[in-house]
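Starting off, we have a lone chain in the form predicted alone, written out as structure tokens.
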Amino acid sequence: MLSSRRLLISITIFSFLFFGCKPRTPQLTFAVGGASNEVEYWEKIVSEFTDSTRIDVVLLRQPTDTDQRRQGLVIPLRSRQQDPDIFLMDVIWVGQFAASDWLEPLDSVVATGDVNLADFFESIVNQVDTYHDSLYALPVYNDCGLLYFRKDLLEKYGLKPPVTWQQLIRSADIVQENERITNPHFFGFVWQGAQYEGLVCNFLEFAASNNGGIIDSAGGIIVYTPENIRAADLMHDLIHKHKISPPNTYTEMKEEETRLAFENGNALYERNWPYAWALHNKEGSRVKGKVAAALLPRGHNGQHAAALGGWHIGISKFSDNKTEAMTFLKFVLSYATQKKLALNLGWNPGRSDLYEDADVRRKMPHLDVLKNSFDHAVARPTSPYYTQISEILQQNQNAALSGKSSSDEALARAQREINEILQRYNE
């Protein structure tokens, strides 16, 4: 009896000495949000990573709302907390976080050859992920504006997909006039004009396609230009002059309102993000099998342009597990993982080489249009004060859409207010 007790004590002491003194496996914290199915699939990705590397990863679930996700990262980063170690960022956060010195540079993974920048869209990496000549993030999911259209209606009226905005206006007017005989709720073109971030994306596309834009050649922010005024006038005229866009464009139309109008058979053209493709072609959709996608139109002597969106991965400068975080980053950016995200979530790959993958192309038949759009993608400013700049643009552009201000007055006022912010922070 005594010997058994001694044996038990000896085993207990040995176990404590062996396991208690054994170094703990580093535990990464990965912050990611989105729809429930997306977060659930990230759990599978994390599990595969742990099985192959023996590195534990805690998945920090963030809300679906983008602003709440940003705030959930800003608070720990601003207070220099060690967690989360690694996270996904909206494209407009990368420059802000890098300028705040919150991100770990990724130049080392490129220098060692662990990540090949040639596998990604060069223009996206240059516009979004590079700050002061250093690399701070890389794309996991690319996003940009697209033009959806009813191919059956264009065929019905002997029309072709528009290349220019004037072609879109003419064809939308023809189809709208005829379709309203049986559907009084039909409009030629629906897009996002409500006062929120989506309006900035739409304005950027109209401006860039008319040889304008928000960022000048020196990297400054300039909105009060003749090209931008003409673009803002065009947006206003689509609603009030040509009347091919609904009157509630500047009060209610965001992504989902636009999608539902198109999906319910009440529009010929729709500007939206790639996520709408699968929903338009799902069972029960009134436009299933009748939809095609194209580049957004260009202005006269202009070029095609699409506002750049998406999610990019980065590592906290304050992480206490940077080596393991780099390993996870490379895993997420790998061909195999990016392909799984494309096939299982319908995510547009951050890697450009996946756009030639046969399996992905079968799953996403609009891939060629997407790839072409990414080559024409235009990023929003990477200023650390972009949130304030965006609010100014939203308010003034929405005033121009509603007719409360002329485009000239609205953009002149926006420029003054933006300059005040930049001067305040010595930009």
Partner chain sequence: MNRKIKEPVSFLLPLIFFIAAFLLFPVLGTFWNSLWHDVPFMARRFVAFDNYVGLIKDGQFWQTSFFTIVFACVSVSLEMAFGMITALVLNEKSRLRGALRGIALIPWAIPSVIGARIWQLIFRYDYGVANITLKAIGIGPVNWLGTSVGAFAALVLADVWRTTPFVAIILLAGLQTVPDDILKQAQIDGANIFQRFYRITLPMMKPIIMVAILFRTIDAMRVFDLIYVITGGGPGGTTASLSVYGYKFFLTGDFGYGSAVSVILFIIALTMAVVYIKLGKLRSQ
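Residue numbers count along the first chain shown, from 1. These figures come from a predicted structure and were not determined experimentally.
The protein also exists as the form predicted in complex with its partner chain; that form is not presented, and the subsequent description refers to it.
In the predicted bound form, Lys282 stays away from its partner chain, with no heavy atom inside 4.5 Å.
Heavy atoms of His185 reach within 4.5 Å of its partner chain in the predicted bound form, making it an interface residue.
Shown alone here, Gly34 lies farther than 4.5 Å from its partner chain in the predicted bound form, counting heavy atoms only.
Of the heavy atoms in Arg78, some are within 4.5 Å of its partner chain in the predicted bound form. Put simply, of Ile45, Ile55, Ala399, Leu370 only one has a heavy atom within 4.5 Å of its partner chain in the predicted bound form, and it is Ala399.
This chain is displayed alone, yet in the predicted bound form one of Asp375, Glu40, Glu391, Asp359 has a heavy atom within 4.5 Å of its partner chain; that residue is Glu391. No residue of the trio Asp107, Thr130 and Trp277 has any heavy atom within 4.5 Å of its partner chain in the predicted bound form. Here the chain stands alone, but in the predicted bound form its contact with its partner chain, taken as any heavy atom within 4.5 Å, falls in 98-106 among 343-351, 98-106, 228-236, 119-127. Taking a 4.5 Å heavy atom cutoff to its partner chain in the predicted bound form, the contacting residues in 247-265 are Pro247, Asn248, Tyr250, Thr251, Glu252, Glu257.
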